[in-house]
Every structure is written in C-alpha cells, then in structure tokens.
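One chain comes next, on its own, written out as structure tokens in the form predicted on its own.
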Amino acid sequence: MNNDNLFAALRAAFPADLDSAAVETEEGAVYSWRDLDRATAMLANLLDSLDLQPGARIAVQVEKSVEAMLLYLATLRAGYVFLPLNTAYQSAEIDYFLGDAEPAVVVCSARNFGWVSKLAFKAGTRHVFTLDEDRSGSLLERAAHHSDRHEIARKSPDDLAAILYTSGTTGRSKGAMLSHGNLLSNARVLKDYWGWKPGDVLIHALPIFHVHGLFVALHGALINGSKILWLSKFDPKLVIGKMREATVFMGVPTLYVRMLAEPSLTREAAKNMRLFIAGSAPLLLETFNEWRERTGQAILERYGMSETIMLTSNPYDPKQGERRGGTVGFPLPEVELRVTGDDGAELPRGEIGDIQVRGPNVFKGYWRMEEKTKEEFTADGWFKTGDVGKIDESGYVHIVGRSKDLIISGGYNVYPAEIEGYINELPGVAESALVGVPHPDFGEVGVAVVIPKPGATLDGEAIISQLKGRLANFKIPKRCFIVGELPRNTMGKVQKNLLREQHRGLFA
C-alpha cells in the first residue's frame, strides 16, 4: 500500500551510506543521515506519546537550528500539521495565530516561554515546549527518552502537511493549507527542472519559517540526498567562502546585493558553484547583470507564493532557453498559468493582466475561511494570485506589479492593510496609508502617511516607536509623515500611486 507522506519520499532519497554527512553547521558540527533518521523518530515518538487528535497543529516559533529542521521533519513523519511562525512576530501577532490555528503543541525559544505559554494556554494548547539554537530546551530533553525507531504515519496526497500564515491585504493573516501532495509534487518537479544531481551540496542561509528556506531549499536537498552546509544566518563573507565546498545557493535579492559588496566575490570563488537561485522579491536587472559580470554565472530567478510553492522558473538547462533577467521564466511542468483581463477572459501574449494558476502544487484553501477561499478561486478552479503581469512573445512570465499594494521588503511580505490597522488604533490617529518605496538594500520598504484627529498632535518617530513592540521589525515603516489630508479619487479611495510617487526618492 502506497504511503504519500512527504517524509516517506524524503526518507527514501537518503543515500545508501547513512553514516555519510547530511548536514554540517558553521561551527563544524556534523549530522549524518542516520542521525536525521534517529532524531526525527525520537521527536515523532514524543509527539505520538502526547495523544494528539488526527490533524493536530504543531506551532513553532524558534531560532534557526538543525534541531528546528528535525522537528519539522518529525511533524511530517508523525502525520501532524506543521505551523512555522516568523521569529520576528510579537505578542499581538502570536496571540492571533494561536487563537486562529488552535495548535495542540507550541514550541518556542526559552526566553519567550513566559509570555508565549500564557497565550498558548489561553488558546487551549495543552503542550508548550522550549527549543534553543544551542540544542537545549524541554523538547529535546523529553524526546531523549523515546525510541529511535518509528513507523512513518500513513498519509494520502490530500492530507494536510503544513499551514503557512500569509498576511491578508484586508484585515488579518490567512492560513494557507498545504498538503503532502502539494509539497511533494513541487519538490519532484524542481529536482528535475533545476538539474539536481549526485554530489550536489546546498548552502542553506535562509530562515526556515518561510516557503523559500523550509520547502524549496530544504526539500530540494533532501529529495536529492544532498549534503547541506547549514548557516544559522546569512553572512556574505561566510557564504562566499563556503562556495568552494558547495554547488547550489538559494537567496533573496538582498543577499546577492550584499555579496556583490564583498571584494572576495570573484569568478575563482564561485567556480565550483553550479546554480544560484533568487526569489521571494523582484531581482533588479542591475543585480542580475553585475552578478554575471563578477562570477560568470547567471542567477536563475523564479516565482512562487505561500499558497502555491513554486510556479515558474527561468530554465536551468540551456536547451530549454536562456535565463533572462527581469523575468521569472516559464510555468513549471505540471503548472498552468494564464493572464486574464477584468472580465476574466484570457489575454493574448504581451498584454498585462491578473495572473491565475492551476496545478498539483496549488493549496487546498485558507484555514477556516471557506468564503475567502471561494473568492480566491475562479469558477473553473484557477487560483487568483493577486499579482499582475504578462507573458511575452517567447513565453517568459514578467511580474509587473502586485495588486492590492503588497510590499516585499527583504524577501518578506508586508501587507499595508495590516499595518494601517495597528496605526489607526493609536491615540490621536484619524487615518493612515502605508506605501512601498524603493530601497537600495531591502528592495522596498514601507512609508506611513498619517492624518491626525482634530486637535491631536502626532509625531512620526513616536508612531514608529509605538509599533516596535507590537509588530515584526520587517513590517515597521522606515519613515512616518504627518499630513493634513490624503490624495483621493472621486470615489474617496486613497490614491496610493500618488503617495508612492511623492516618496519614491526618499532612500535613493
């Protein structure tokens, strides 16, 4: 009988020599494939011992570590649902996620245990564990008492594997539900499309609470039985030094910009590398060209989202076409993509419209939001990405903008409506608007424009300070201006395009 558990496919790809190195950290710690198998078994047995309901959610907000990755794999192995939470999230955000997802288990950093456990118990969570990046915490202490053998839970392709919260453009975050089938189909397609081969070694310098680091990078290496050079955080000098031992690197555009600032980035330094992949935010043509000049290699840009994992990619194999800067390549095998007009009809090539997609990688819907899910799919089953773009005459997809004013800052999504909601709750604020403006390091950052209530005196810096304790750092506007009125159209709608234009040179 087939087992469609994603972990079963990843485990089947482990090399024959289980004692060879699977993961190596920057401190020189080495984990073998056997270590991965045994540790995930012990953690899966711990979860099984808690007598959880089928489909129980395991919410995790911890610093990046190999043990945090093992917890993710153990959650799959035991058949539960993994819920990664950005380490930058503060109490108001965590309170919402725990209340909405109602996880059975929460794992957090020891230093946050006091406030996180209070919120978790209030949300009905029965088990709260700690896990720190130095391999300490109650999770590992408890797991140490369990067997290192575990039978992988049986799952069907439609069974839920993970929930990823993606902020809503209107109101609070939505939980995108991804199945074992969604994740496995995408991992297999990318293994072929990106030419993964025996002997490949991945430099992993991305966070693991995000599609890019958790699914694209991690699954890519594991389903190929490839060694991972594990970095707890991105350090440009360190990554350039590691290129001699590696063949594949994945990063957001900001990371490439930072490496280009290092004199050690040369053709010689990058000569062992087979593939550089960029995504999560638009890659400037200038960065693409400068990288090619310095290293002799063309960055492969791709496009995906929390709800769909990867959708399109520039070709790896030159037989399939060239890698074109400023584009996100072609729809991946098994993925269908179309561009539609306001009437929903498909547009001819070259015309700009709404991007819609369909395929085995597309999510099952939003957690406990049936109406919202219905709205986001067309009657004939296509998912509305909310992105605006075109397909050119050669079939390359171009993303030209984002509907609903999404801001992508350093690879993270910032949704203006969420931030505006918090600003509008502050004393003396009548209304606010948040827009994204170009930034040399982050690609884009938020700028807030605020109208005070009659008689109130507001200070932009003070508003930013008040947001700091409540929201993740990447969501905090970089500047805040106090104004008498906001530009509006005849319907009274704020014209954010005018605000963007007005402030676009702020960080130039």
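Each residue number is its position in the shown sequence, starting from 1. What you see is a predicted model, and the numbers here were worked out from it, not measured in a lab.
From this point on, the text means the form predicted together with a small molecule, which you will not see here.
Is it the case that R77, even though its partner is missing from this view, gets within 4.5 Å of the small molecule in the model of the complex, heavy atoms only?
No, R77 stays farther than 4.5 Å from the small molecule in the model of the complex.
Any of the heavy atoms of D387 lying within 4.5 Å of the small molecule in the model of the complex?
Yes, D387 is a contact residue.
Does the 4.5 Å heavy atom contact test between V328 and the small molecule in the model of the complex come out positive?
It does: once the small molecule is placed as it appears in the model of the complex, V328 has a heavy atom within 4.5 Å of it.
Contact between E301 and the small molecule in the model of the complex at 4.5 Å, heavy atoms?
Answer yes; at least one heavy atom of E301 falls within 4.5 Å of the small molecule in the model of the complex.
The single option of S432, S306, T130, T287 touching the small molecule in the model of the complex, heavy atom within 4.5 Å:
Exactly one residue meets the criterion: S306.
Identify, from the list A281, M273, I240, L218, the residue with a heavy atom within 4.5 Å of the small molecule in the model of the complex.
None of the others qualify; the residue that does is A281.
Determine which one of 408-416, 147-155, 187-195, 222-230 lies within 4.5 Å of the small molecule in the model of the complex, judging by heavy atom distances; exactly one does.
Comparing against the small molecule in the model of the complex, the contact stretch is 408-416.
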